[in-house]
Structures are given as C-alpha cells and as structure tokens.
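Take a look at this single chain, the form predicted on its own, given in structure tokens.
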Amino acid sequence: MQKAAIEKNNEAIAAQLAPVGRETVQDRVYSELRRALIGGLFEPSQVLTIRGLADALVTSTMPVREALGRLITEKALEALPNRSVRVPPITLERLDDLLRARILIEGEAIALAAARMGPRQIATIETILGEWDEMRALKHKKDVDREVTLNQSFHFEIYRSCGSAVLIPMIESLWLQSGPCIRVAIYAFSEAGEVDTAQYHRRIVTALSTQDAQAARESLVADISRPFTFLRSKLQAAAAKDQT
C-alpha cells in the first residue's frame, strides 16, 4: 500500500519536471553569449540582433531568443523596442553602482579566501601571473583576449577558495555586467602607455601568501577600482568637453 502511494507520488512529480538530459542548444548558446559578455567581446551600447547572433552561432533563432531573455533578466543586456537588444551603455551611475557592488562582494570573497588558500592554490595563481608576465613581454595588441582570460582565471581561482557557494554566482553576475566596461578600459590603458598592470595582482599574491585578509582586500579594491576610475575620468572629461 505504501509502495503504491510512493509510486503514485513519483508519477505526479515526474509530470511536473522535465527529464534531465544532455546540455541543450539553448544552454550552449547561453553559455557562449555569457562567455562573450564576461570577456568583453561586445562593446558597451552595441546593438545585437537575434538573427545576427543566430547566424554567428550557426543555430536557429529560438535558442538565441531564449538566451537573450535570460541575459536581460540578469541585467547583462537591455531589450530594445525593435526586438533587438543592446549591451548597456557606460554611464557614471552604472560605473559607480557596479564598482560599489564588486568591492563589497569580491572584497568579502578574497578576505575569506585568504585564510583558506594553501600552497597549491598560491602556486596556481603564481603560475597564472607568470603567464601574464610572458604575454605582456610580447607587447602584442592582439593579446587583449589572452589578458582578459588570464585576469578572469586569476580572480576566480582565488574566489573559488572562499568557501561560499552563495558568493560565487553573485560575483559571476557582476563580471557578466562589468565585462564590456573592463575591455574598454584595457584598450584605454594601452593607449595611455600603461604596461605593468600585473603589479596589482602581485600585491594580491603577496597578501594571500601571508594570509593577510585586510591587505588582500585592500589590494583587490585597488585592482578592480582602477578601470572604473579611469573610465569615470574619461566620461567626465568628455562631458566637460561637450559643454565647452
């Protein structure tokens, strides 16, 4: 009797849930667009069309439409009236909001990680930093993609050591929204002649090696504040120029 009741309950649950299978086309499209946004492959204010993205991804429009809907919900994209979407533009308000959130969330994550990172994790981020130094020595502009990838790998290797399953998705969401801004900043730094951007990461490694949570947090804040402050200054200068 009890077995029959359990089976009936299982059937009722099964009727409400979709079978778990392999990753769907929608998931793959979403993952690829998400990767592109985090990596800054789309520029701020860039307009994206469903058909254009479907052609680029060699798929139909339906999975693209669904993926864009998810990204709009996550505030990574904005819906436009003509059924297209755009990457949110850079504004002073958006820069300040993103930076404030990243300092709070990522600062807490690195402080937690400072007490948990062992020799193996420290060695991993030192290896990433070594690859960064090798790449910067080449001084090729085409290495911006590599710089973005190494920067992400460096930070998330640290954040994964924080021990919080709640903080990581929040950080990923902030990076999803920050990606286009950060890439613009990288190009701007290059134009300004700044080459040793890894110095901020070296300070982070030093602090983590001694398990100094406060120094790690301060070094991280200096690192992630830099591109936002730079872009803020550029926006303010452009606004002042327009008023003259």
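These numbers come from a predicted model, not from an experiment. Note that residue numbering begins at 1 and tracks the sequence as displayed.
Another form, the form predicted together with the DNA, is not on view; read the next lines as being about it.
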Region of this chain that lies against the DNA in the predicted bound form, out of 159-167, 81-89, 113-121, 99-107 [heavy atom, 4.5 Å]:
81-89
One residue of T206, S45, S31, T49 in contact with the DNA, assessed in the predicted bound form (non-hydrogen atom, 4.5 angstroms):
T49
Between A215, M62, A36, A56, only one gets a heavy atom within 4.5 angstroms of the DNA in the predicted bound form; which residue is that?
M62
S225 versus the DNA, in the predicted bound form: is there a non-hydrogen atom within 4.5 Å?
no
I'd like to know if Q211 sits close to the DNA in the predicted bound form, meaning any non-hydrogen atom pair within 4.5 angstroms.
no
Is there a non-hydrogen atom of L235 within 4.5 angstroms of a non-hydrogen atom of the DNA in the predicted bound form?
no
T229 versus the DNA, in the predicted bound form: is there a non-hydrogen atom within 4.5 Å?
no
Stretch 24-44 - residues with a heavy atom within 4.5 Å of the DNA in the predicted bound form
T24, V25, Q26
